[in-house]
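Here's a solo chain for you in structure tokens, the form predicted alone.
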Amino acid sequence: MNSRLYWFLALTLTVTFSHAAEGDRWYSSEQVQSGAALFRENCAACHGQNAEATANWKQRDANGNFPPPPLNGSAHAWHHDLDLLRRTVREGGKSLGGLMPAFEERLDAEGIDSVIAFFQSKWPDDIYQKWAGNFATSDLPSLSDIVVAVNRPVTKLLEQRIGNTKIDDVSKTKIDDVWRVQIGNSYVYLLEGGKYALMGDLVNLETGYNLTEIARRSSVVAALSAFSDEDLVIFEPEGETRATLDVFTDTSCPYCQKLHSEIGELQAAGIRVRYLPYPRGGATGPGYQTLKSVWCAQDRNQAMTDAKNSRFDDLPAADCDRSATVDRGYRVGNRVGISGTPALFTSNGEKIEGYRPYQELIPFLLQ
């Protein structure tokens, strides 16, 4: 965060998230019916008549891109909260690394909600309940409240204070005349048309929902979803996948090495581990070139294990196209607020600080 922001008041609250009641879905049967027609008119050509996509959606096409994924609960759409789903339909999928066009000129807020209701109606109950448990849907802002403004007059005074620091997003909250501004992985709330600012977490004391944490996790999920499985080093679980863990790692980090020595325990518990590269010192860090060599290896899993056990003789040169993923991982890691490795994230974007022994990590991920 830019040093000019230190004058803001910091607020830190820890709140327990509530889970949606079993069987309770946010949409009506009328929305599903309306959404079916809108989906088939606007979305079915890419995502399939019943949101099932194509059989080969996990395979890259001739241009190196992945086809549109299914939206029926069998892919990753249920990893996104309602706010992000609405934004993606409205603004397109470019922010998630996809090619989906924006539909803001063809679908209004009500139509977008109906489209989402239709494809969520295809989700099995267990998938919907996982989604509803991860995200507090009842307190999310409606699409019509989301600000997409070029001039952003409400941030005028804030921009004067923070200089060249980039503002990533501006959204109107459900509270009268309170706006949420995202700057990197931090949030500022503007009051009275942008005259006053507070930094910290906004909490609904009636429901117990930490609205800032919901927004923060949504941003993390969006950033990590931009990486395909082909971009990463993935250790698959033994048997059914019960949880997914995203890990920003550096081969030169002692605690990353310790976590990797326990990866067999995670796999045996049904946990899928996705490694993202994060050289702690950037291009001058001790693990930078080694991470690039790992990503250039034909067998990246073996190369990762070798590198974390200080076996470097069989690692290839760090000069392939895939080595660019290391720089990309470093940039994304900085954007989601990583300050050290290993940095662990659950599938709903919750950050786990530092190394956790598998005896603690497994119950936490499977709770």
Ligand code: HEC
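Just so we're on the same page, rigid core means the largest C-alpha set that superposes within 1.5 Å between forms. Quick note: we count residues from 1 along the sequence shown, nothing fancier. For clarity, every value in this text was computed on a predicted model and none was experimentally measured.
Unshown form predicted in complex with this ligand; subsequent notes refer to it.
Look at 80-88, 284-292, 237-245, 170-178: in the predicted complex, residues with non-hydrogen atoms within 4.5 angstroms of this ligand sit in 80-88. This chain lacks the partner; the member of Val203, Cys296, Leu107, Leu232 within 4.5 angstroms of this ligand in the predicted complex by a non-hydrogen atom is Leu107. Note on the partner interface in the predicted complex: the residue among Cys46, Val32, Val336, Ala318 having a heavy atom within 4.5 angstroms of this ligand is Cys46. Remark: Leu99 counts among the residues lining this ligand in the predicted complex, judged by a heavy atom distance of 4.5 Å or less. In the predicted complex, none of the heavy atoms of Trp26 sits within 4.5 Å of a heavy atom of this ligand. At least one heavy atom of Gly93 is located within 4.5 Å of this ligand in the predicted complex. Looking at Trp131, you'd find every heavy atom of it more than 4.5 angstroms from this ligand in the predicted complex. No residue in the set Lys258, Gly270 and Leu344 has a non-hydrogen atom no more than 4.5 Å from this ligand in the predicted complex.
Annotation for 59-78: interface residues with this ligand in the predicted complex are Phe66, Pro67, Pro68, Pro69, Leu71, His76, Ala77 [heavy atom within 4.5 Å].
Gly35 shows a C-alpha shift of 2 Å or greater between this form and the one not shown [criterion: core-superposed Cα displacement of 2 Å]. In this overlay on the rigid core, Gly194 has a C-alpha that sits less than 2 Å away from its partner position between this form and the one not shown. If you fit the rigid core between this form and the one not shown, you'll see the Cα of Arg328 move by less than 2 angstroms. Expansion of the Leu245-Thr54 CA spacing by 3 Å or more is recorded in the predicted complex, set against this form.
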